[in-house]
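One chain is shown next in structure tokens, namely the form predicted alone.
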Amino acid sequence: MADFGGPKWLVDRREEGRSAFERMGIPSATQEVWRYSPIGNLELERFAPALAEKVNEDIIPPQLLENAATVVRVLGGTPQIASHDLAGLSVTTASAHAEGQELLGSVVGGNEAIVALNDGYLSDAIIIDVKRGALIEQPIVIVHHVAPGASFPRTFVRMGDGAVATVIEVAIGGAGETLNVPVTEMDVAERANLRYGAIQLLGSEAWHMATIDAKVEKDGVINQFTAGLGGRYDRCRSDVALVGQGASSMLRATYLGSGEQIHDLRTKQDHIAPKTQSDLLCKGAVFGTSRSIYTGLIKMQRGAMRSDAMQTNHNLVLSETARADSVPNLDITENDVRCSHASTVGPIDEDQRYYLESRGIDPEHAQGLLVRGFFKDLLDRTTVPIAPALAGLVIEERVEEEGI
């Protein structure tokens, strides 16, 4: 393993992370949060540490860089911090941050093997601080240039009271033997509003196992959008804890599988305080021999009275050899709450297809229109800027390539 150096606390943290991962070991598909996954096929010894590479500007979607408040590039897991002159915004590395040691792990806590693995091998982390009452109008963009080998990027976003900002993370590159294990933690203070987007566009052989964890205080708001479009095995675990009265969360998520891809999304909407709200909508499609897995949990803890949660997962299965598994769950230990969940798995609705064909649209074009409309519905219901438009362009390209 490369010697990343850094302050003593970071070196010690790596040692502790490696020790913790050795104790826990690689997760097993017998665990509920890894059910249906191919985690048993992961051979860590195959992946040498990724080395920072020169940025290939040609593969960066131009809309990411246009009108961004600031752009941070991460090369092989190592952040390259650019200067900016925005009042109320601080972007630095954990090793250079006065509270870096305390901030890392303050949300996730390192109690999962994949997070411990990230702890054990991260070179450094990005710390984004949005000061109390600050309004950052343009998105803060993080471009992860994922190099062949193993990368362990880390991002921590801290929103001050009443602050407003948008953070977009995009993973690109990842050709050949690639393992990318990013962890993003977000702390949303009282009355703050954070919009967050994560798009994965890695090469067709990459393993991508992401952890996204958010904590929202009183009257805080977090709106998230995630899209898994690349990779061979694409996993995203997205948890949100609503810890303050009146906190709210919205998540829009999508994936599109082709070939032998596996897209794996796990979510938890954890209602801890009263009068909290969460709204989750996930829509994905699979064709070829690809697979998708969705497992979601709404947890209503004691004390979360008068809270409201929705969880919806819709899947299109566009070939006989594709497969989608959807497992919504509820865990309710409080009265006077409202929860709902819905899940569908199946081919294109034949009534909708018939309607289009009856108006002169041939069968192939009818299917394409329905698939595009399926995704457009989700993208139009997303409030995070840039990310859904970028995902929509990639989805359109993939649909064209597959002749749908």
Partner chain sequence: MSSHELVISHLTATAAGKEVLTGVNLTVKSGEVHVIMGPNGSGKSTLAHALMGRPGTVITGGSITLDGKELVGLAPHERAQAGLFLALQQPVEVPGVSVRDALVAAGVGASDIEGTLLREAAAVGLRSDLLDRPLNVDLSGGEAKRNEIVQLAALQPAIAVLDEIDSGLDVDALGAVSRRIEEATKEWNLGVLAITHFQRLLDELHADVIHVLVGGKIVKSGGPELAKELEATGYSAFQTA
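Numbering follows the first chain given and starts at 1. Remember, it's a predicted structure, so these values are computed and weren't measured experimentally.
Absent from the display: the form predicted together with its partner chain. The rest refers to it.
Colleague: Go through 346 to 354, 60 to 68, 333 to 341, 34 to 42 and give me the stretch that gets within 4.5 Å of its partner chain in the predicted bound form, heavy atoms only.
Modeller: That would be stretch 346 to 354.
Colleague: What is the one choice in I26, A48, I361, A29 with a heavy atom within 4.5 Å of its partner chain in the predicted bound form?
Modeller: None of the other options qualify; the answer is I361.
Colleague: Is there any non-hydrogen atom of L379 lying within 4.5 Å of its partner chain in the predicted bound form?
Modeller: Taking the distances in the predicted bound form, the answer for L379 is no, it never comes within 4.5 Å of its partner chain.
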